[in-house]
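Take a look at this one chain, the form predicted alone, written out in structure tokens.
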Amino acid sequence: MTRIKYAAILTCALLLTARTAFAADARVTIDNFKFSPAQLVVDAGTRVIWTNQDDMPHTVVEATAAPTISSPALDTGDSFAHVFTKAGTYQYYCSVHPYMLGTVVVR
């Protein structure tokens, strides 16, 4: 095997490994006016997907003065995704029903 072929194979293997390490998804279901799970613990680089299974519209909004996570109104079956790149605790709520609370803890 030539050096060029070996380098190309090694590069492809490294790229596939790196993509796999950051391709994680975690899911939160919105149903019966609750986020489930209410607290989710994920690694940095994880994409969290919220899916509304309720018969009412809901949102996902970070509970800070200047939210960086803010979904549009999600109708039944709609989803919203956000990739968490930094460690920390992210609290969120539904702006339509503010008593609906959730937390994502990023390691």
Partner chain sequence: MNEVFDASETSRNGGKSRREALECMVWAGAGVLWTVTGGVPHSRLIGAAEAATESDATFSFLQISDSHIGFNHPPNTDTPGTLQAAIALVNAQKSNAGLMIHTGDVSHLSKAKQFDTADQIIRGARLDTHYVPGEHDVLFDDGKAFFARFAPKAPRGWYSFDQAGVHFIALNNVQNFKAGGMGNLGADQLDWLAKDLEGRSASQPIVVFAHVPLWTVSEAWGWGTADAGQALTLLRRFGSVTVLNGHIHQIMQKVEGNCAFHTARSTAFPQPAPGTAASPGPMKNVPPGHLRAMLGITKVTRVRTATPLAIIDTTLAA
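Residue numbers count along the first chain shown, from 1. Here the structure is a predicted model, which means the values were calculated and not measured.
The form predicted in complex with its partner chain exists for this protein as well; it is not shown, and the discussion that follows is about that form.
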* To do: Quick one: from 56, 49, 38, 41, grab the residue that has a heavy atom within 4.5 Å of its partner chain in the model of the complex.
  => 56
* To do: Report yes if any heavy atom of residue 24 sits within 4.5 Å of a heavy atom of its partner chain in the model of the complex; otherwise report no.
  => no
* Asked: If you check in the model of the complex, is residue 73 within 4.5 Å of its partner chain, heavy atoms only?
  -> yes
* Asked: Is residue 101 close enough to touch its partner chain in the model of the complex, meaning at least one heavy atom pair within 4.5 Å?
  -> yes
* If you check in the model of the complex, is residue 82 within 4.5 Å of its partner chain, heavy atoms only? -> no
